[in-house]
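Only one chain is given next, in structure tokens, and it is the form predicted on its own.
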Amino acid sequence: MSMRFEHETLGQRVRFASDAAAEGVREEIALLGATKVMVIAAAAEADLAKRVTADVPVALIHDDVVMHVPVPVAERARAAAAAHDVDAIVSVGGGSTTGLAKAVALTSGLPVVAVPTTYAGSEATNVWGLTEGARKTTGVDPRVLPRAVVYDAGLMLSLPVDLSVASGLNALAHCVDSMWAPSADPINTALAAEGIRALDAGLPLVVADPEGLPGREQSLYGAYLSAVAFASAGSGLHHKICHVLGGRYDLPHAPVHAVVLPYVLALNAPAAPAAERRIAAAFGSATALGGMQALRQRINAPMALRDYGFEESQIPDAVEAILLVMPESNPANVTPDELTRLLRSAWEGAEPR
């Protein structure tokens, strides 16, 4: 069969250099010609944000950052940006911080320079997400894609090991989902496979030597590749499940992804043999699930949804909500009973099969 596909590459500049974040931000703001910069960073990242933006014209530091970007939080940030007449945004932080910057860019068109401090990957995608009530809504819009990303593995050294593991497995989920998401193609697959290899190499190094740059750099490199693949391939079953769980029950983003991932892999791998072989090869393992579980054991991965606030009684409600957003392209046929079994296993932390 001849090869035929369509692939869209997003336009974005990436700076990757350890211990050079301030320099990169300064140069990117100069290229934009911005004179009134809004810095978005959670209160816990305040000192770091000041160091990173020391050489740019900051008009406003905004620290009202909340997980899953509730609509009222987004509206307050948008109002603050308008009140200070800012002409660019610098986000310093993880996925929630980047997500808030995107929410402002969505309605204002302001350019964003993203400085990630986790392996979330949101900075490399044109996907936005907002939560209203108990429902998380996502969409795609070119306005939210950061103009530039400044990657500095040195900023990751303060990220605790347990959060590094959860965040890194969130990135790994981007890779796995990109193998069979609605717009998966050979380029996405190549990026995702290299992302898996890099994360499989980097995360154990982070656990073994949290203060060492090699593991942080490999993990950050893998996280970027995972996000680029995911931005093109789109949201597959794994992300649909996790968006429902996170938005509907206010569960922590990265740990939920880390827990759910092997169960979705176990479900889909038999129905997608080519993808299964590619994932296994990236892990250097005989099987995709075997490679995944070997990595999770080495890094002491999050194990059960019940450890993060999800109640067994919520499973039927979650199943109904997930079925409404199930991607038609998923390789395995997912019935309500199958989805119930998956969520119960993830709730218990049972061995994925």
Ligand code: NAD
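One-based numbering along the sequence shown. What you see is a predicted model; the values in this text were computed from it and never measured.
Same protein, other form: the form predicted in complex with nicotinamide-adenine-dinucleotide (NAD), not shown, and the subject of what follows.
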Exercise. Since exactly one of 262, 95, 202, 195 fits, which has a heavy atom within 4.5 Å of nicotinamide-adenine-dinucleotide (NAD) in the model of the complex?
Worked result: 95
Problem set entry | Residue among 318, 48, 34, 61 with a heavy atom within 4.5 Å of nicotinamide-adenine-dinucleotide (NAD) in the model of the complex | 48
For this session: Classify residue 299 as contacting or not contacting nicotinamide-adenine-dinucleotide (NAD) in the model of the complex by the rule of any non-hydrogen atom within 4.5 angstroms, answering yes or no.
Result: no
Exercise. Any chance residue 230 has a heavy atom within 4.5 Å of nicotinamide-adenine-dinucleotide (NAD) in the model of the complex?
Worked result: yes
For this session: Using the partner position in the model of the complex, report whether residue 163 sits within 4.5 Å of nicotinamide-adenine-dinucleotide (NAD), counting heavy atoms only.
Result: yes
Exercise. Does nicotinamide-adenine-dinucleotide (NAD) come within 4.5 Å of any heavy atom of residue 238 in the model of the complex?
Worked result: no
Exercise. Among 184-192, 87-95, 276-284, 106-114, which stretch has residues whose heavy atoms lie within 4.5 Å of nicotinamide-adenine-dinucleotide (NAD) in the model of the complex?
Worked result: 87-95
Exercise. Using a 4.5 Å cut-off on heavy atoms, which residues of 195-227 contact nicotinamide-adenine-dinucleotide (NAD) in the model of the complex?
Worked result: none
